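Given next, in structure tokens, is a single chain: the form predicted on its own.
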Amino acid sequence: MIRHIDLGSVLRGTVSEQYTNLVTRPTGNAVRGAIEAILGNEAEDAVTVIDFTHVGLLDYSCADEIIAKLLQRYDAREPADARGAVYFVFRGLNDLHIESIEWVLNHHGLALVAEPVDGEPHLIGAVDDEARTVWAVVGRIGACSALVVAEQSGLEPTQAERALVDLWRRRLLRRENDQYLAARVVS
């Protein structure tokens, strides 16, 4: 299942019809609360697209209040293979959004799947080069096993498996049996 949340609409619905900027911690808290209400009680595995296309500014406090807290809540809530796992993709990010988000992610040791306005989907935040390479291979190939990732990345099979499991636990990859898929939406 794919769920789409237009962050600009959420912002206007929770703060003000005139508002397009995510600045101040109370604004971020209100927006995150609205997103959590949307996510609600659904028990189906889902990739949730948080769309920044209609958001102007994003300051560090809102990035912390919305993104870091969402990732922390849904990452620590239950194991990645539990029914109802939530995977996030952050779409429509511009350079200024990414600057604030990346600082917050690195501060908390978190990472996410970014789909920037201009560019290919990739990981941002606290992820090493090996994990980025593995994620890119899975994103390029589609569903694949650790052995295929090892062959395509030049890593040893145990390195590839370790990186895949770490990315899956962090909900940057999905897993179906022995196959891994990038937590992203192809549109």
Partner chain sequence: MSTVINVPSSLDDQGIEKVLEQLAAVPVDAPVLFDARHARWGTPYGLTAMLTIGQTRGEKATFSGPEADDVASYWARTGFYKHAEGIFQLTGHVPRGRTPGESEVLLEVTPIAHAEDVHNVVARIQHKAQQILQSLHIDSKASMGFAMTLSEACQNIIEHAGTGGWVAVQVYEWRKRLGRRVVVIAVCDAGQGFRRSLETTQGRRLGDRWDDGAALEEAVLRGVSRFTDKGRGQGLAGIRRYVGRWDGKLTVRSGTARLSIIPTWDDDVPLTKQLPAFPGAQMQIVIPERLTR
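Not measured: the values here are computed from a predicted model. Residue numbers count along the first chain shown, from 1.
Form predicted together with its partner chain: not shown, discussed below.
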| message | Can you pick out, from 104, 93, 71, 86, the residue that has a heavy atom within 4.5 Å of its partner chain in the predicted complex? | response | 104
| said: Based on heavy atom distances of 4.5 Å or less, which listed stretch (124 to 132, 61 to 69, 139 to 147, 153 to 161) is in contact with its partner chain in the predicted complex? | reply: 61 to 69
| said: With the partner left out here, check for me: in the predicted complex, does some heavy atom of residue 23 sit within 4.5 Å of its partner chain? | reply: yes
| said: Is it the case that residue 19, even though its partner is missing from this view, gets within 4.5 Å of its partner chain in the predicted complex, heavy atoms only? | reply: yes
| Proximity of residue 37 to its partner chain in the predicted complex, heavy atoms at 4.5 Å | no
| Though only this chain appears here, would residue 119 touch its partner chain in the predicted complex if you measure heavy atom gaps against 4.5 Å? | no
| query | Looking in the predicted complex, is its partner chain within 4.5 Å of a heavy atom from each of 27, 57 and 99? | reply | yes
